[in-house]
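Before any questions on how it binds or moves, here is one chain, the form predicted on its own, in structure tokens.
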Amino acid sequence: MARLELKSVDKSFGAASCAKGVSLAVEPGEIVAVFGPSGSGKTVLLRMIAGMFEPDAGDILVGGRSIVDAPPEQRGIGMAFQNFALFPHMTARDNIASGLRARGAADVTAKVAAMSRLLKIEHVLGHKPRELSNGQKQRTALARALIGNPEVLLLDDPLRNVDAKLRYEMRLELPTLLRRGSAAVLYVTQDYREAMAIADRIAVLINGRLVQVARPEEIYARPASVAVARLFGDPSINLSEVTPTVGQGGLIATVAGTQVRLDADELPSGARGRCWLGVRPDDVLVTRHGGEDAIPARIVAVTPLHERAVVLLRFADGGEWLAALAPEALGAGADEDVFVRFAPDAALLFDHASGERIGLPSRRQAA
């Protein structure tokens, strides 16, 4: 199979720039999720690869061959659209087979039967799109994209219009399904959980620029910037303005008048002055007991959220943080005074002006 590569791709529509120097490579058999907020240029990127738009600059290669001037049908690319884009006058069977028949492929009936069994839609092959549920439409569109064994597979937020139960099931099934072929898969989504569950790597796109490309666990633990950190996690990351200094026990920061230790011995490069201290709600511990590194706070509200409780905390200086923890671990309610702690290695530092993450010279790394 073939490698997909984008080299410094630009695309604008009038004054609106949708892609700015985008460079990305997707290996055969790899799933890369393109994740970012609405309007960041994700769908435009897919449509340039598919041949619906041409880039203003840069190159797009499949298997080392430029496809920029090739017509869509000669690019070896399969695509499933967010809105399904099924032919309304055709049955599910004919929709799935349409691409194969256009190319004059052999054994169309057998291939459609095998793909429909794989996606569990063999019982609706005779139905037209108006007779299908959203989940069945989604699987039909996916079958049509997969059946030609494309070198590159583009999926444009394919689970957005399906119900929550099916979306959860497909997050579990899709990676195995997609890896049965060896296509380079580019998967667009606005759901960070979906990106983390499905992808081998995540490419974070903000305002037409790729700001970080890494494995899901790396992006969550070491986001490249405040903007990336805010996109991953629910509730979102806590941020406080601090000025780190070196004390007797190592690097310290002051949050709401309380000195807290960070997991470093010295001031990192780029932390000369004001910074943003980031701590994820999952890493916040709420207790009734004070002591070293304990920040006094008051519980403003407690909101049950599935197996967790989300706690809104207010510090003496008016700053607010969120904590996400098991309800039985809280031991306090609204309007009660508590203390907030976090492990030193749970803290992230970001440059105050640019928002870019500052690497901490960790004690554990030094050891």
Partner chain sequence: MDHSSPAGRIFRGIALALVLVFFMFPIVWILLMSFQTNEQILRIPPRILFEPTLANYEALISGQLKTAAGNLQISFMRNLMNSFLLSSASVILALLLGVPAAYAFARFKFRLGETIAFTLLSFRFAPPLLVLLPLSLYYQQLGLNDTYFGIVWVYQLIALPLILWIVRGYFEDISPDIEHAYRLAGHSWREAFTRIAVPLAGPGIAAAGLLSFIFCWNNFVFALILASADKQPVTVGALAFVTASGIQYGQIAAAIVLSVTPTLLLALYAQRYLVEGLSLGAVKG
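Numbering follows the first chain given and starts at 1. Remember, predicted model here, so these are calculated numbers, not experimental data.
We do not show the form predicted in complex with its partner chain, though everything after this point is about it.
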Query raised in the report: Do N83 and its partner chain share at least one heavy atom pair within 4.5 Å in the predicted complex?
Result: yes
Query raised in the report: Are any of the heavy atoms in R144 no more than 4.5 Å from a heavy atom of its partner chain in the predicted complex?
Result: yes
Query raised in the report: Do G249 and its partner chain come within 4.5 Å of each other in the predicted complex, heavy atoms counted?
Result: no
Query raised in the report: Within a 4.5 Å heavy atom cut-off, is A102 in contact with its partner chain in the predicted complex?
Result: yes
Requested in this report: Using a 4.5 Å heavy atom cut-off, indicate which stretch of 237-245, 83-91, 184-192, 200-208 touches its partner chain in the predicted complex.
Outcome: 83-91
Report task. Check each of A50, V44, V338, I31 and return the one that places a heavy atom within 4.5 angstroms of its partner chain in the predicted complex. Result -> A50
Query raised in the report: E217, D107, E292, E73: which sits within 4.5 Å of its partner chain in the predicted complex by any heavy atom?
Result: E73
Report task. Spell it out for me: taking its partner chain in the predicted complex, does every residue among T303, P327 and A347 have a heavy atom no farther than 4.5 Å from it? Result -> no
Query raised in the report: Which residues within 130-168 place at least one heavy atom within 4.5 Å of its partner chain in the predicted complex?
Result: R130, N134, K137, R144, N161
